[in-house]
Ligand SMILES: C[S@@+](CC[C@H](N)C(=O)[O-])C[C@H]1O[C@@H](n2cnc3c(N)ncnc32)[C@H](O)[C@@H]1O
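Below you'll find only one chain, the form predicted alone, shown as structure tokens.
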């Protein structure tokens, strides 16, 4: 599985919080009004951004199991959560590429993940849907990339670079061939087939001049991905990236990156 640094996760966390679809957050809060203990399984949890965002909205009697393959991120997250009370947290270092059997006994009330789905394969997604159905769990999956990258001001090569980045999205990230931008709609269909009521809503990043560091980090990552797909186009890619970086540095760049949020609950029998 591809790894992410704590610095990158810290940079994106406030942007993610603003991008989350408010309608689906409200649906989750309304769903949580039912009484009882809430057990949350957070897959690919990183430093725990989902926990920090959601726990204050979900009342007490919460038990969170944060699962990630990176022990450094899990340890870092343990220092970042000011527990509001009534929230118990377990951190489990586990490789999600091949460890479903260790999660089968978990039986959570809610399964959640952020910025994970576009990395996984069709087979992995099928396993996720099967487990969620078996657990009778609600599902909240946020910030899954949808293939949209829109820069302002525009350049002639924007669409070409976006196409290269999206081709890279479908390469193996450790789970097998990734579903990339198709992942969230694919999970929505799998859950609907299993009796879930599914809501899929946009949650785009909208980055302005105040997000220069984030834009720069994304630009660097996309250039690397595009070079892997189109190595013979290095010259034009460099020229494109240099102009983008000039506009970022001058405070003239804006960037929209599309994502999906998904919330699903089992239909009443």
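Quick caveat: nothing in here was measured; it's all calculated off a predicted structure. Numbering follows the first chain given and starts at 1.
In what follows, reference is made to the form predicted in complex with the ligand, a form of this protein that is not presented.
Student: Assess the spot marked by 9, 44 and 49: is the ligand within 4.5 Å of a heavy atom from every one of these residues in the model of the complex?
Tutor: Heavy-atom distance to the ligand in the model of the complex: all three under 4.5 Å.
Student: So which of 127-135, 153-161, 90-98, 179-187 is the stretch with heavy atoms within 4.5 Å of the ligand in the model of the complex?
Tutor: Stretch with heavy atoms near the partner: 90-98.
Student: So the ligand isn't shown here. In the model of the complex, which residue out of 165, 140, 119, 103 has a non-hydrogen atom within 4.5 Å of it?
Tutor: Exactly one residue meets the criterion: 119.
Student: Though the ligand is not shown, can you say which of 38, 229, 69, 219 has a heavy atom within 4.5 Å of it in the model of the complex?
Tutor: Answer to the contact question: 69.
Student: Would residue 73 show up as a contact with the ligand in the model of the complex if we use heavy atoms at 4.5 Å?
Tutor: Residue 73 belongs to the contact set for the ligand.
Student: Give a yes/no on whether residue 175 approaches the ligand to within 4.5 Å in the model of the complex, heavy atoms considered.
Tutor: Residue 175: yes, in contact with the ligand in the model of the complex.
Student: Can residue 198 be called a contact residue for the ligand in the model of the complex at 4.5 Å between heavy atoms?
Tutor: Although the ligand is absent here, residue 198 would stay clear of it in the model of the complex, with no heavy atoms inside 4.5 Å.
Student: State yes or no: in the model of the complex, is some non-hydrogen atom of residue 192 no more than 4.5 angstroms from a non-hydrogen atom of the ligand?
Tutor: The answer is no: residue 192 has no heavy atom within 4.5 Å of the ligand.
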